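As structure tokens, the next two blocks hold two forms of the same chain, structure 1 and structure 2.
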Structure 1
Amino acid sequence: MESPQRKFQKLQQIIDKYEGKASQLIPILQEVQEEYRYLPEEVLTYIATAMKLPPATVFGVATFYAQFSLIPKGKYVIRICDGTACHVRGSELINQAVRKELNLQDNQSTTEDLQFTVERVSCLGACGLAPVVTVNDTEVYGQMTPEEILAVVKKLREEG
């Protein structure tokens, strides 16, 4: 069994990088989530203890902001805009195609191998490119079609 010090070594390095300052809780959580792909309960508890913060404060921040997740996410997070412009231009067909390709059931958002997470979002702020899809909030794909999203998924699978 791995010792707690070893288990949380990377986590402690992240906290130390920000000097354990309470004012840096959000950047700490962002970096921790990038490391783990989500914010596990035991990690949030460790952060609270290490930073001498009430656990409710850390859990409150982690659950208030939509960017944080308490459940595991895939390596590739595909966000499909469902705002009015995107919806009218076929975002539901894109959602159906990608979910079918990834074999995601109605109550599932992440593939079992933790490679992909598919999320519907209210607005990605690019209505002129509708329908819009992002991957990991860094790649933006506009005027998508079901066929094009399948090509994106294929490319991501090849990249591993």
Structure 2
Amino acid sequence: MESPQRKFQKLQQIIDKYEGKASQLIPILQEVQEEYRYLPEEVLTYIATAMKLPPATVFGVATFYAQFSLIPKGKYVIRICDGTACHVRGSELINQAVRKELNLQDNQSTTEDLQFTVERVSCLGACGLAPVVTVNDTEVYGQMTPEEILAVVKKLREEG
């Protein structure tokens, strides 16, 4: 585990990079989330103090945008597109297959062991390949089927 000082040191660097400007709150949160994979409460409080903003403003912004998560996400974030193109080509079946495989309950999106997070998104912009799934935003899988997504999960599990 990182020591608290180290943790906030990195945070302060990010804030300083944007000169602590209130208008840069969103890019700051984006970069901080990239660093910690989510936005822990104490981090948001720290940001508010450091930027001299009311905590309500920072929490308000962090909760408004879907990109920000206040709870930890898994190591692998699987995003299943539910845009129109993917929806009409059966993305729900893929969603069900992964959720079942990972034993996720109805309101749960991250596995207990913090390995996987499953999210729906509306359109990843690769609609010609519907249905589309991404892993950690970088790997894009097109024309997916329930079988193939299970193979992807298996591969990720093997990678650990």
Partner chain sequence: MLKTREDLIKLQEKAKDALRKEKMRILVCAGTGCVASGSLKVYDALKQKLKEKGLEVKVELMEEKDNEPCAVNTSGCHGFCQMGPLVRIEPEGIFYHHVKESDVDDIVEQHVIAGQLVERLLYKHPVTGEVAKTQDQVPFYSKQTRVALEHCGRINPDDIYDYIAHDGYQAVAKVFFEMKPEEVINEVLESGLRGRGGGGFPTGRKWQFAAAAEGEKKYVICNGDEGDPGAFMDRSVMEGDPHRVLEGMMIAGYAIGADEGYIYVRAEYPLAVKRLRKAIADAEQLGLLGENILNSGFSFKIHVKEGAGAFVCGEETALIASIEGQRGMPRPRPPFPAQKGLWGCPTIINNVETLANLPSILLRGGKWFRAFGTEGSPGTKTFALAGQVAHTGLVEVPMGMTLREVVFDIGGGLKKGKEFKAVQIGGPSGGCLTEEHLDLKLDYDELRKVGAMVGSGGLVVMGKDTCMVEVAKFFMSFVQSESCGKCVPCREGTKRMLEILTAITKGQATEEDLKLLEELAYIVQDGSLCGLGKTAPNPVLTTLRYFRDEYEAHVRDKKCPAGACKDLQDYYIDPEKCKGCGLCARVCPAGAISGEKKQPHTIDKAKCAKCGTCIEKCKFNAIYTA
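Numbering for residues begins at 1 and runs along the sequence of structure 1. Treat the numbers as computed from the prediction; the structure is a model and nothing was measured. Take the two forms, find the largest set of C-alpha atoms that superpose within 1.5 Å, and that set is the rigid core.
As summarised for this chain, the first structure is the form predicted alone, and the second is not. Both residue 68 and residue 28 lie in a single rigid part of the chain between structure 1 and structure 2. Relative to the larger rigid part, the smaller one turns by 19 degrees between structure 1 and structure 2, according to C-alpha superpositions.
Aligning the rigid core leaves the CA of residue 46 displaced by 2.7 Å between structure 1 and structure 2.
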